[in-house]
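Listed next as structure tokens is one chain, alone, in the form predicted alone.
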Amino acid sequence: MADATFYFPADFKWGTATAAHQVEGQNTNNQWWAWEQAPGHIQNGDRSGDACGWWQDAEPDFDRMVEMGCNAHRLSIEWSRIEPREGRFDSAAVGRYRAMLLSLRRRGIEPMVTLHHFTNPQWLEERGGWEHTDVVVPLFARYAARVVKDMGDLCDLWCTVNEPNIYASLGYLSDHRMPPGLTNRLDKAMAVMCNMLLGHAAAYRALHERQSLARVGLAHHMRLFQPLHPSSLADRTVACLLDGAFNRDILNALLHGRWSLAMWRGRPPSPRPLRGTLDWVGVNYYSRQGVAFDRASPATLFARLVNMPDVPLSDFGYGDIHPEGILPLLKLLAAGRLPVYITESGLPDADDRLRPGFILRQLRALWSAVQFQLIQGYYHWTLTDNFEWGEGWRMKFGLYAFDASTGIRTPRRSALLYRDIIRRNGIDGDIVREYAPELVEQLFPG
């Protein structure tokens, strides 16, 4: 029997995703640059430095996107470049971003612009970052209004905030993973996450007021939490609690205008401004998370995070390889009846041994969701290896290998795989046999 071909819609968005601080270089006015200078914050003492050199010369990487056949790219605007001092906007920085967006457009690549991807201007950080509603929300709305005023002729697809749950948890709950480097401050973490949602809503309105055809959403990091022992009621309960706190609470706030009991202590600001502020929703998905009950871990809702048994892990134990785990998460979004973009997905894999199979398995799973008109596009993380925040340069997520000492990019086999998938606008048996023959029977049973 001939192999099937899993075709995607003709207008499907095939892209890659990047973040400004990770690729531009010399972002000296934000809190991450300051964080990198202190010993012990970044693996191996790495610093972003010149990163991938995009601020000076991003266009050759845009050409690499064209070579792969991409018709979309998600990039972020660095707030600290646009507004290096409070109330002072930099026309030269605006000009450089306009040049990038125009270069993408001329290459037939639609930009999705993210307004906040983990970095704050240092002047905002000194005022508490996202901790104070009355400070940050109007400032973020003003910034969004300025960006759409200066760049709205080149972009109408906007992502306001990237991963508010990750920003809050790694900055306020984990052990010095992200600035400001607080630990076990659940009160601040919840306030920050809620303020980022309120900032999203304020930016949504600012963008729509100035651009009638704006399409505005945010990128939500979602993770499949599974009990280590499915027969254990305790493990199942904590997995459910984490799913609610990490995945569902943000969606409920944005779709229904309701804070969960866990999201605020004390008297919260009204969540009503959140309703109706999504034109689409983005999903960042990387891995599944095993969960076991642990009475000694109240800060993580009495859950201990574990690896599922007998599942291969990506580099440095970043996560287990379970690309199909995105499907049950997408079902959570179906009730919202909104367009969905996979705004990030990938894995660190320096040898490129696991990435081809990950891409094929995930796109096969996404094909099922596409048939129900859920998924509008897929943005692979990432184009080239880059500065991976607290992990520095050691984690290699790129379709292209990147040598930070020379700037040389080398395509991995996964870049060629992605090119061939895009050219066919789908997955067929020939592609699977060439790049991951061990998956033929799994993807084409019978």
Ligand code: FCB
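Residue numbers run from 1 along the displayed sequence. What you are looking at is a predicted structure, and each value in this text was computed from that prediction instead of being measured.
The protein also exists as the form predicted in complex with the named molecule; that form is not presented, and the subsequent description refers to it.
Student: Please pick, from D235, E344, D249, E83, the one residue with any non-hydrogen atom lying within 4.5 angstroms of the named molecule in the predicted bound form.
Tutor: The residue in contact is E344.
Student: Though the named molecule is not shown, can you say which of E78, D349, D243, E163 has a heavy atom within 4.5 Å of it in the predicted bound form?
Tutor: Filtering the options by heavy-atom distance leaves E163.
Student: For R288, is any heavy atom within 4.5 Å of the named molecule in the predicted bound form, or not?
Tutor: Taking the distances in the predicted bound form, the answer for R288 is no, it never comes within 4.5 Å of the named molecule.
Student: Verify the contact flag for Y143: yes if a non-hydrogen atom of it lies within 4.5 Å of a non-hydrogen atom of the named molecule in the predicted bound form, no if not.
Tutor: Y143: no contact with the named molecule in the predicted bound form.
Student: Does the named molecule get within 4.5 angstroms of any non-hydrogen atom of F397 in the predicted bound form?
Tutor: Yes.
Student: May I ask you to check whether W381 falls inside a 4.5 Å heavy atom distance of the named molecule in the predicted bound form?
Tutor: Heavy-atom contact with the named molecule at 4.5 Å: present for W381.
Student: May I ask whether W32, T119 and R177 all come within 4.5 angstroms of the named molecule in the predicted bound form, judged by heavy atoms?
Tutor: The answer is no: none of the three residues contacts the partner (heavy atom, 4.5 Å cut-off).
Student: Would you mind picking out the stretch of 414-422, 389-397, 65-73, 34-42 that comes within 4.5 angstroms of the named molecule in the predicted bound form, counting non-hydrogen atoms?
Tutor: Only one stretch qualifies here: 389-397.
Student: From first to last in sequence, which residues of 295-319 have any non-hydrogen atom within 4.5 angstroms of the named molecule in the predicted bound form?
Tutor: Just Y318.
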